[in-house]
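What follows is one chain in structure tokens, specifically the form predicted alone.
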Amino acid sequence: MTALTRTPRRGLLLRVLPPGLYAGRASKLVERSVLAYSRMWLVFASGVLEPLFYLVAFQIGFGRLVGDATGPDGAPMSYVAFVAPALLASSAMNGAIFDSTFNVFFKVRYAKTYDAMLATPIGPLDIAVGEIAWAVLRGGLYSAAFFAVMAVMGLVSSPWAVLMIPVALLIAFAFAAVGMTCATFLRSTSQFDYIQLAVVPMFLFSTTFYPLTVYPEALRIVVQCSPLYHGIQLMRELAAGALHPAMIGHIAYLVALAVLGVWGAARRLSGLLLR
């Protein structure tokens, strides 16, 4: 199926579209990202080091000034062990958000990378799934490195803790999907402040550094609406081996957010690139 679309200053562009919005070529987007980042390994190093510095600072500095915290199973745990799973969840979020917002914005608004891709048998859903998959992979690499540091520092005490890596991938998936959708609404680099306006409060107030019980009852409901809160709760419960049915609700929240984000990203890309 072919369609002629007129674009400003470029005349007529022959665009080859798949039968639907998805042609099963999302893996090509991941392959392209791997090749593009193969010589920019320092970008990955920075994403690993930031949460690592936080963890080391709590281990040898601030953590010694704070007493034990109450774990998800009600048992006391060291403050560093309390914070570490939350930092792991935050690491997955930050890695996914960075790739799905700054990266996608540049390709849409300046490089016009997706316009070129749509001149091949690749649909908008391929682009959305491929870019989100790469963001998830990147967030997963950050999380795996962070988990390894946790294990070396003796902060992993339950065999269920190995499931923190799949949970980190789910967190990255949810935030990457929503982040990509948000990136399609941005018109200038200054508007990235809106992204930070959402991410930074989530990092600070989603029970990352203290339990939910410190908030008044009304504010607890607001905090529990945060996607990062659900990811942090899952991480802490797995790290402590405190499994219970409420974990299903946390997983369902993140899965629903991811599905909504993929749908929104594909729909927005269709509107921007196929008009």
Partner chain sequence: MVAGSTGRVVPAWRGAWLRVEGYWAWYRRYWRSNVYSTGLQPLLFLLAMGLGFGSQVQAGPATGGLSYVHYIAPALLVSAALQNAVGESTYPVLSGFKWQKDYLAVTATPVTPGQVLGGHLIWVALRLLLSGSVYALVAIPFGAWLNAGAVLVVLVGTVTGLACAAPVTALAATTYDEGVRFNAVFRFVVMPMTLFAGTFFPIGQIPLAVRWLAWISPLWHGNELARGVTLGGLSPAAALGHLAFLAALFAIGAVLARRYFYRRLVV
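Positions refer to the first chain, counted from 1. Just so you know, these numbers come straight off a predicted model, no measurement behind them.
The discussion below concerns the form predicted in complex with the partner chain, not included here.
- Between 144-152, 123-131, 198-206, 165-173, the stretch whose residues reach within 4.5 angstroms of the partner chain in the predicted complex through a non-hydrogen atom is 198-206.
- When the partner chain is considered in the predicted complex, only one residue from Val34, Leu42, Val222, Ile248 comes within 4.5 Å through any heavy atom, namely Leu42.
- Mapping the unseen interface onto this chain, Ser157 falls outside it, with no heavy atom inside 4.5 Å of the partner chain in the predicted complex.
- The partner chain in the predicted complex comes within 4.5 Å of no heavy atom belonging to Pro216.
- By the criterion of a heavy atom within 4.5 Å, Phe106 is counted among the residues contacting the partner chain in the predicted complex.
- Within 4.5 Å of any heavy atom of the partner chain in the predicted complex lies no heavy atom of Tyr114.
- With contact defined as any non-hydrogen atom lying within 4.5 angstroms of the partner chain in the predicted complex, the contacting residues in 95-117 are Phe98, Phe106, Tyr110, given in sequence order.
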